[in-house]
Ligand SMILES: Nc1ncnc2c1ncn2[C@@H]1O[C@H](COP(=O)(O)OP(=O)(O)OP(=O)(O)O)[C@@H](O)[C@H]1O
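Here we start with a single chain on its own, the form predicted on its own, put down as structure tokens.
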């Protein structure tokens, strides 16, 4: 059974159709990258899977449960692009606090190791570098021992070294059997991390497959050029249909 699934999901806001009948699955142990320009529908799809909004039609499940249910919330973690935590709490205090929300969290030492936070556990969050802060937020997303992790632009604003360090910890989560839904505007990041990619445009999934398959669909050896080609093709089709 898929860890997460959208089936024939539509979402409308008045006359605006944000999603138009999309199907999407995330399998156990898989990292799926959902790619799309701003306004393409990816944020709406993620919000539905997080239980933050409901589909207009169709269905969404997390581990067989409704996304907004308590059972689903215990099975997933999230590192969202806009996240704030108290700056004066120490790293270990943050992890201990968040871990207390879950019935079977990871041991604190395991969470610290999985996020690469050894040596900074006693430092206040506000005193950390940008990359270290992002690793703390990653730790808070995984401390509950989730089956599914939502990563929304997890490396935005990080330097090259910090980005590669975050990639290492994301790969470690997947290697331990976790599933990930990644949204990113860094297409090299999707190419490096994803087992499978789904491209969304104007509320529809227009391409799906491994990075190599998506490049082939976009008739390019590079993911960025393939992505742009697929979106242009879809825009041309949409204009004809209108």
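Residue numbers count along the first chain shown, from 1. Predicted model, so just to flag it, every value in this text is computed and none were measured.
Another form exists, predicted in complex with the named molecule; not displayed. Remarks below refer to it.
**Student:** Is it true that 13, 40 and 153, all three, sit within 4.5 Å of the named molecule in the predicted bound form, judged by heavy atoms?
**Tutor:** Checking in the predicted bound form: 13, 40 and 153 are all within 4.5 Å of the named molecule.
**Student:** Name the stretch, out of 212-220, 32-40, 170-178, 63-71, where some heavy atom lies within 4.5 Å of the named molecule in the predicted bound form.
**Tutor:** In short, 32-40.
**Student:** Quick one: is residue 129 in contact with the named molecule in the predicted bound form, heavy atoms, 4.5 Å cut-off?
**Tutor:** No, residue 129 is distant from the partner.
**Student:** Classify residue 81 as contacting or not contacting the named molecule in the predicted bound form by the rule of any non-hydrogen atom within 4.5 angstroms, answering yes or no.
**Tutor:** Because a heavy atom of residue 81 falls inside 4.5 Å of the named molecule in the predicted bound form, the answer is yes.
**Student:** Within 4.5 Å, heavy atoms only: does residue 22 come near the named molecule in the predicted bound form?
**Tutor:** Residue 22: no contact with the named molecule in the predicted bound form.
**Student:** Indicate whether the named molecule has at least one heavy atom within 4.5 Å of a heavy atom of residue 18 in the predicted bound form.
**Tutor:** It does: once the named molecule is placed as it appears in the predicted bound form, residue 18 has a heavy atom within 4.5 Å of it.
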